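Shown below, as structure tokens, is a lone chain in the form predicted alone; questions about how it binds or moves come after it.
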Amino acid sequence: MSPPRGLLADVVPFSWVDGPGNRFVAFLQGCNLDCLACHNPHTMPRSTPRAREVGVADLLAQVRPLAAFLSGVTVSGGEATLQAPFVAAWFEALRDDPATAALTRYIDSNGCATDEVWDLLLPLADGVMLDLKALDVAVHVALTGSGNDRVLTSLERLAREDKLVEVRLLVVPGINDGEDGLRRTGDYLATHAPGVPVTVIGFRPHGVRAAARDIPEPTPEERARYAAWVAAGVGPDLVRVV
């Protein structure tokens, strides 16, 4: 059987914002949510003329000469778990190649993946960074077009299996920035993902789709309040705000 191929939106050879240290990041094409505030809207369609098909060997060849300068690799999107067989094959190749074996392998995910997908990926991944759009179902639907049952199931499983390395909360003014919701989110994470770092991200309009361009960007003071409300549950040492 021929190895799986992936549909790639782009790569960033060196990134300090997609996991710990300096990381090679592969952004895969296609997403299973329709997020109003997506900062990579060009990666949302399942196919586009801008995307290109790649093989595992192709992507491995891009990482190998950079490995000495990297801490690890991250696969993002879009939603990386939609191309789980390709991600698994790439991670396996990275693990087995002497030049890249020391690199950590992370997945940046929205959490909308089945247990079967995680069964395939988790043995090969060192960690998952998970986006939690909203704890409240109605708010999650308003932001993404979908419910959050699968997201919460994934989050809780990843935490139990010690694979959840970060929870990311994108706070969008007027939609999921209420004090009650953020405090309940902090309480939920304290119970279901204790000890896991939380990054509170203030919405920025740069690069978003047209429907979100009029949403105001929160001030530094507002972002600090968001973080404080979450930190009331999980503890201040676990929360950072960007």
Partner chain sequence: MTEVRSRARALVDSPALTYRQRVAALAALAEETLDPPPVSAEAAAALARGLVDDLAEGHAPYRPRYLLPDYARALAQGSSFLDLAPPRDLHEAVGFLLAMYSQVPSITGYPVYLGDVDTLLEPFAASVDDATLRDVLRLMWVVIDRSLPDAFTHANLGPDDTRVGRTVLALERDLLQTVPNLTLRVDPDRTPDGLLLDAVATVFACGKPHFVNHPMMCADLGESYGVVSCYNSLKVGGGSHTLVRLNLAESVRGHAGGVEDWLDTTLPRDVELTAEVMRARITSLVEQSRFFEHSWLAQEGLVSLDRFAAMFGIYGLAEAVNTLVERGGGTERYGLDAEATALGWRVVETVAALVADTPLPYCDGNGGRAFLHSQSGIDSDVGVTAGTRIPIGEEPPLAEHLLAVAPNHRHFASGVSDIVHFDDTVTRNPQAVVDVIRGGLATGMRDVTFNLDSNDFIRITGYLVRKSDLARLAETGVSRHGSDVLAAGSVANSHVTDRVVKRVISSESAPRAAR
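Positions refer to the first chain, counted from 1. For clarity, every value in this text was computed on a predicted model and none was experimentally measured.
Not pictured, yet referred to below: the form predicted together with its partner chain.
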* Structure fact -> Given 175 to 183, 189 to 197, 213 to 221, 60 to 68, the stretch touching its partner chain in the predicted bound form at heavy atoms within 4.5 Å is 60 to 68
* To do: May I ask you to state whether Arg150 is within 4.5 Å of its partner chain in the predicted bound form, using heavy atom distances?
  => no
* Asked: Do Gly111 and its partner chain come within 4.5 Å of each other in the predicted bound form, heavy atoms counted?
  -> no
* Does its partner chain come within 4.5 Å of any heavy atom of Arg209 in the predicted bound form? -> no
* **Contact of Ile201 with its partner chain in the predicted bound form (heavy atom, 4.5 Å)** => yes
* Structure fact -> Contacts from 120 to 146 to its partner chain in the predicted bound form (any heavy atom within 4.5 Å), listed N to C, are none
